[in-house]
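First, one chain by itself in structure tokens, the form predicted alone.
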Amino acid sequence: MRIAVVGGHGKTGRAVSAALAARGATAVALGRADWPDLAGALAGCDAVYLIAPNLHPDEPAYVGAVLEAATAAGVGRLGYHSVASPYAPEMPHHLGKARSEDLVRRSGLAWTILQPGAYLQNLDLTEPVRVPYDVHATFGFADLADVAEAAATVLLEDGHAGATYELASRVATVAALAAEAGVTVEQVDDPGTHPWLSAMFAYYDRHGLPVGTLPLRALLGGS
């Protein structure tokens, strides 16, 4: 099976490509260089996994262009990499994914949407942890390798068309993860690097980002 991974050169795309290859599929990593003739790059592929760039200023337009190219290329199967709690009005980039999900659902393709929680890999637990939100807030953290395996499952196995799965590997607080790793943890001021990130940190500070673990366990063959 030949599967295109749009956004395949980032950390998520590389992990998904590796998981597909481990199952015997041919993963075709596509990036900016392929954009001028995306339909041509998708030709001959059985499915596409779509990962938009982080904090894309207009993710619905980006997703819409990929959907159009996939349709033109005759690719009937698509997986979309979204986010847990996409409809959260206080987080603009989450709303971009919510609007994109709507486009995917109305695309006419056989779609599956994955909504991972915050990556465990975003925390460096080999040194003191400093985050700009409440270290005791609850999160459903997703391990990148688990998410990649889930993506391979929904693309290569039957029964997932029309499904939306929230994904988390474990539920924890940053404080608990730091304690397990034996490192210190503290909340620091928001660095203000991007207004959407600042909005996300403020949301995390008040609400965390809880995500259940059952869907991912089921996709990975657990109970």
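Throughout, we count residues from 1 along the sequence that is shown. Computed from a predicted model, the values in this text were never measured in an experiment.
If you look for the form predicted in complex with a small molecule, you will not find it shown, but the lines that follow are about it.
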query: Stretch from 131-139, 80-88, 101-109, 148-156 whose residues place a heavy atom within 4.5 Å of the small molecule in the model of the complex; finding: 80-88
query: Residue among 164, 54, 26, 184 with a heavy atom within 4.5 Å of the small molecule in the model of the complex; finding: 54
query: Partner proximity in the model of the complex: residue 10 to the small molecule, non-hydrogen atom cutoff 4.5 Å; finding: yes
query: Interface membership of residue 122, the small molecule in the model of the complex, 4.5 Å heavy atom rule; finding: yes
query: 4.5 angstroms heavy atom contact with the small molecule in the model of the complex for residue 196; finding: no
query: Interface membership of residue 30, the small molecule in the model of the complex, 4.5 Å heavy atom rule; finding: yes
